[in-house]
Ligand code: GDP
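Have a look below at one chain only, the form predicted on its own, in structure tokens format.
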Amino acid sequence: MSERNLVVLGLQWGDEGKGKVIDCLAGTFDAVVRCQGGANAGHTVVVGGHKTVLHLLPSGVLHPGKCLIGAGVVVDPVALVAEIDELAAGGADPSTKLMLSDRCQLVTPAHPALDRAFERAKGKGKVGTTLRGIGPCYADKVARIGLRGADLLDPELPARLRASIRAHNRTLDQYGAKPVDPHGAAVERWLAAARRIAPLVADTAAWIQDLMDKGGRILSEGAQGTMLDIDHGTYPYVTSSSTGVGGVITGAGLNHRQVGLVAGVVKAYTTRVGGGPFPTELDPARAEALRQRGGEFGATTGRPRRCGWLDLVAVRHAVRLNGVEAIALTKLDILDPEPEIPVCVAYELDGKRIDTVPAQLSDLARAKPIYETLPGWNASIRGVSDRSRLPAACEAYIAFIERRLGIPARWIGTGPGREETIVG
């Protein structure tokens, strides 16, 4: 791995602990690039007991290397400025090493309003978005009417922004929603933030290519997880971007030969936020116990995450799609007190055993997990940094996952801190 670029992706429904993994690895790379998603993502990094929650900034921001926000990201200038200022107040101003793609899309004040209107109109069928305007911004991108990073340098940006908002107000009116004032305080805040981040705009794809021409190495950071991918996830209960390795290639500006090693992050159990089928979801009481132990509340919204046992059908789906060569297994210590640990190895659908994720939502909703149950280890592994020191049952759990996926666990999380990691 020392001579290769690296991609870090989530292999479940997001919240796998990518922030910690990226933070642990970023120090050996020349640059970290965030590839897709927006302020709907929340990556948590714990160093020396201090927790930092990042939304738009790459998780490598606490290391000396360059940090890039790539073309596949949708950027809310107000959210980005708030995040920059929060880190700067703590003595770690990221703006000195941050670059913003001139091709990224910009989230405007109209996009969250549209997000709320669309979700409200869906009623019980709502997706459960973060209401940050991510989906409407990606919709503008595909419709070819969005504003981009390069537009932050355009003297006509205020007029173009207001024209965009007026156009979106017509849609809001059709949904019976309150319009956004094109000259209101929210728009003025947005324009002020846009002026702040304009000096960060650059051709990040060209910069990456130049760096690699000189022998530099890139760590590409995915957001959300493969099961939330717009194409290959549990549609429509997904995010609005390509969360897999394809999104890394287009979002960062790499070609397929430059991707390097693909590492997938897997939580030792499963969580998801929002609506949609969840085959291994636990009953409320068991889920609450796991939620409290694991601190399973959204880093962005604070919403409680739904909790369940590890679903290897979903993880294998993600491994195959992304060409994953190794996994980072996170939050293993949260299973410490479990007397036994069921792992889903297949589904039963209409009386038949299947080992793939159905595309039809109604099929996935009816699918029943087929479990293999492993013994728990009933001992604390918190802070263990040597795999040979793990209890035998814990080692057996890891080895079971490795055999089922056919790839090694090269990083194992035994606590939230950067140092609470087994590297193999």
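Predicted model only: the values in this text are computed from it and were never measured. Sequential numbering from 1, following the sequence displayed.
What comes next is about the form predicted in complex with the ligand, which does not appear here.
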Study note, to complete from the structure: Among V201, A117, I334, V259, just one has a heavy atom within 4.5 Å of the ligand in the predicted complex, namely I334
Point to revise | Interface residue in the predicted complex among R305, H317, K141, H232, criterion: non-hydrogen atom within 4.5 angstroms of the ligand | key: R305
Review point. Out of 388 to 396, 63 to 71, 364 to 372, 37 to 45, where are the residues with a heavy atom within 4.5 Å of the ligand in the predicted complex?
Key: 37 to 45
Check your understanding: Could you tell me if D15 has a non-hydrogen atom within 4.5 Å of the ligand in the predicted complex?
Key -> yes
Check your understanding: Is there a heavy atom of S101 lying 4.5 Å or less from a heavy atom of the ligand in the predicted complex?
Key -> no
Exercise for review: Could you confirm whether A299 comes within 4.5 Å of the ligand in the predicted complex, counting heavy atoms only?
Suggested key: yes
**Study point:** Exercise: T330 in contact with the ligand in the predicted complex, heavy atom 4.5 Å
**Key:** yes
Revision key, fill the gap. Of the residues spanning 402 to 419, the ones with some heavy atom within 4.5 Å of the ligand in the predicted complex are G413, T414, G415, P416
